[in-house]
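So this first bit is one chain, no partners, the form predicted alone, shown in structure tokens.
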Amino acid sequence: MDLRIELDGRGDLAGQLYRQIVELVAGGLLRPGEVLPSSRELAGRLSVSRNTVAAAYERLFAEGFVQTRAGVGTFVSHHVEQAGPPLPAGESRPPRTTRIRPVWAELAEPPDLSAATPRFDFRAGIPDVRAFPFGAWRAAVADQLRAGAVGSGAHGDPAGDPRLRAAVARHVAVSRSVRCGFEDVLITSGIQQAIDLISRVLLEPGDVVAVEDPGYGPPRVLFRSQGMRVVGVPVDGEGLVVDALPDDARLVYVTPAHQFPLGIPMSTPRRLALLEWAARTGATIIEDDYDSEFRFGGRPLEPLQSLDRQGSVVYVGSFSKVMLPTIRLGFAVAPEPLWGALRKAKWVADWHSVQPMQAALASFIDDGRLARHLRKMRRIYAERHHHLQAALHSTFDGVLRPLPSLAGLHVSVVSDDPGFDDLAMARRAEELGGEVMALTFHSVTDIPRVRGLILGYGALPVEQMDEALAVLRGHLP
């Protein structure tokens, strides 16, 4: 233990040493079982006599803060209660005077995404980690570490590992018809950071950002935290209603391939209308192409990015759903001059994403392991998708109506009853040991445009679906 103690050089040095160690132990900074430096070592560090340290240790031992063991040394007792650092006698904590922007007090507390797996798991966007090839992934990471992917210790390019940028460009060009090259790709720490960097580069506080309503919540929270004015735009059977976009919006965030949370794809006429609107107003479009790798029917529609001829679209994606949420690697495909500004913003934010993980992912893509994993998961998710669609019609008939869905890892069911309390239903599911999300949670307006439930099936095997749906159905009004 590299123990830092500061003595003021005045009388009762042993007492000063004793009190500082007591504060460290009581505050939990020195934990039970941790070995303290020997009296000789600590005396040398503090430039005091060994007898001074021995006197402090003896007092700590007498009061039960430390124990001694022959051949081991002096260590923190396992019987000490740790409840935060004590204040010196006669002192009280001063009131906080740090000024925090009001928006951070207004935002809801973030969820604990590390929580235990629920009894029935209808969480949206959660992949089946049990089917992930951990052995192949560990080998890819280990190979890069052995090969010196950390380099000489110098930092990497803020834009990302060149091998990963090239691999991502090939992957999205082949799988999604995205028009890009190596030089257009910026590697980020997930989609959320990509959106954060784009808004930093393009927007000023007070600017208008248009989002789908209902729509994915985290980007909306991000925009508001930066002082932007967020406007919800309704979604119908063809996707975002372009005619409802405010002309003063400088940025539009959309999920056209599989609208979150309703699952509706944006029609080709609506995509063309959105691009025409952006060209006319000078706004930028963020195209979040989440879940697009998992399509189970219908003809895939071209991304907005591939239809764009004005440089209006920034295409963002990640590997959280196709691989593991914990990998936290994403990307942005951006036109110049925006790409150069994004590279600067990435450097300002965190210099670069973790290098060995980038190199491992590049290898995972180039060796064909990601493509093999995707083929396997499409078969698994397709079976779950079709089973869930059939089960929903029989289980919720007349109560909740499934929305059409041909892609992704979730299906939404809506109620035609304006009084349906989907938030109460979600809370009831949690009480039963499950997890399901209410559509109201993703509403931008105070009065939700649609009420219902989001049923994710990425982490829910077919053999558990019918029981989980029956539990939900049994507690519907």
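Because the structure is predicted, anything quoted here is derived from the model rather than measured. For every residue, the number given is its place in the sequence shown, counted from 1.
Omitted here: the form predicted in complex with a small molecule. The next part is about that form.
- Look at 270-278, 357-365, 250-258, 375-383: in the predicted complex, residues with non-hydrogen atoms within 4.5 angstroms of the small molecule sit in 250-258.
- Taking the partner from the other structure, the small molecule in the predicted complex has no heavy atom within 4.5 Å of any heavy atom of residue 287.
- Residue 191 belongs to the set of residues with a heavy atom inside 4.5 Å of the small molecule in the predicted complex.
- The small molecule in the predicted complex is not approached by residue 171, whose heavy atoms all lie more than 4.5 angstroms from it.
- Looking at residue 144, you'd find every heavy atom of it more than 4.5 angstroms from the small molecule in the predicted complex.
- Residue 321 is the only one of 165, 352, 343, 321 with a heavy atom lying within 4.5 Å of the small molecule in the predicted complex.
- Comment: the small molecule is not present in this chain, but in the predicted complex one of 387, 328, 229, 179 has a heavy atom within 4.5 Å of it, namely 328.
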